[in-house]
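Two forms, one protein chain; structure tokens for each follow separately as structure 1 and structure 2.
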Structure 1
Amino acid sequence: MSWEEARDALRKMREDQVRDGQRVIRLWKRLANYAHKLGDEVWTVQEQECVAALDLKFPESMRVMRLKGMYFEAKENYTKASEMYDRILEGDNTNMFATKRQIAMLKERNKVHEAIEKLNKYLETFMTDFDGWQELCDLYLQIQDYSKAAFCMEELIMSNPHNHLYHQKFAEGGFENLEIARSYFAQACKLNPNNMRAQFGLLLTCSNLATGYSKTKTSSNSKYAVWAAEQVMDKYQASQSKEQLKETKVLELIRKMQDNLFPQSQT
């Protein structure tokens, strides 16, 4: 067999998705001395040979099955990838990696409701997987189920009440209650005084609240908004050059908001 025939045979096996590790190794041995003639295809052939070698040496290895699943995912062959992960879960139904990859594939194919169902089942077993709760929150936000998204963030806040990012995410989650959002933005600012995103969120919520309440609440909201505006402006001025400050529109927006707030705080 010539090296061209060996190359064509390997191509045919890839196209037909044939799994025959021994044949791949035999063909590679015929081709190895001519690898320099393959051009960029050499990387694909070497990958094929490597997977075949792993398959022969570790036929039941979960790590090898994981690699195969990821390989098929990269090729967008989700059926084969799912088969690999199912085989892993048959041997170990608590395998976190395989379940997470199945959820990721559902997201990739925009099957959001199925991903939510599978992730909920996963979190019944792994309740302390904080990344999983954040992912579930994002999925609920994607389908605009705000109450369930809020529940996910509450779970995270209870698990780690000192994480300013959890408070910030809860506040900006679109839960349609500005007073609650203000409280969580304020807590995020308290936990991390350098969290400018939380400070800007506090500025926006307080500015909106200041326009629709009694004199007492308007005054307090205006005060908080002015404080947040000063914090954001100070950070911009400390971190950017004069030329950059001239080009940015954020400071101009904040000044306009301050102009609207000062008269209210003086009434």
Structure 2
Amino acid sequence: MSWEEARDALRKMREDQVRDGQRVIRLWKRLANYAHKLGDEVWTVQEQECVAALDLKFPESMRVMRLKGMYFEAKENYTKASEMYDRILEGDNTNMFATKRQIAMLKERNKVHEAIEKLNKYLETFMTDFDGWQELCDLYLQIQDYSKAAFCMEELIMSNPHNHLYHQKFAEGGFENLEIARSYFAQACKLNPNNMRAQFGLLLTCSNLATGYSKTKTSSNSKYAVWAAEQVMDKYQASQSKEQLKETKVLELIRKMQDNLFPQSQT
């Protein structure tokens, strides 16, 4: 058999979707020395050969099925990919990877609501999957359902109360209630004083509260804002060169915000 005949036979097997690992390997052996003549087709042939080899070496292996599923996903053949993952789940219905890939496929097809439904079901069983809760939070944010996104972050904070990033992310969604946002930014700053997002968040929420409608809490919010401002300025002065500070005018900006907090104080 010539290399051209081997190439054509492999093509036909791909078109007809024939699964015959042994034959693919035999044909590849004829073709291997002529791979340079295939041009771009060499990648398709190599994929075919790789899948066949895995099939032969590890028949009915979950890991191989998973790889095949991902291969079909990459080719946007979602039907075949879904079949792969369904087969894995038939064998082991607690297989987290297969369920997560099914959810990922819904995301890939922009089916956000279905993805949310499936992820909710997944988390009923695997409620300690923190990545899953983060992903669900992001999906709710995409559809602007902030209360449900907040619920996801609360789950994460309850299980990881020392993680400053969870406090900070929860606060960033809380623009409707600045006082709650302020407390979560403050907790994030306490857990990690180097968290700049939390420091800025604290500065902005306290400034807005201090200059907002409620005059009773002005002086305490002003004090917190001034503290946050000082933390931010110290950080910038320690990290940036004089030239950068001068050009970006960040210190002037922060000082201006401090001046706005105390409009009556003139020296």
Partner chain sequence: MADISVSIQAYAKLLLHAAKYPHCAVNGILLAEDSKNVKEKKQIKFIDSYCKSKGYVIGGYYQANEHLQDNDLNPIARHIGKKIHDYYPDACIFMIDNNRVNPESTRDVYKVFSMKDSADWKEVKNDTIDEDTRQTSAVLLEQEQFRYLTDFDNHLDNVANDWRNTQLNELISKCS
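Predicted model, so just to flag it, every value in this text is computed and none were measured. Under this definition, the rigid core comprises the largest set of C-alpha atoms superposing within 1.5 Å between the forms. For residue numbers, the reference is structure 1: its sequence is counted from 1.
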Does structure 1 or structure 2 depict the form predicted on its own?
1
Do Tyr85 and Gln17 belong to one and the same rigid part between structure 1 and structure 2?
no
Two-part rigid motion between structure 1 and structure 2 - turning angle of the smaller part, in °:
20
Once the rigid core is superposed, tell me how far the Cα of Arg11 moves between structure 1 and structure 2, in Å to one decimal.
3.8
Quick one: CA shift at Gly39 between structure 1 and structure 2, core fit, Å?
4.5
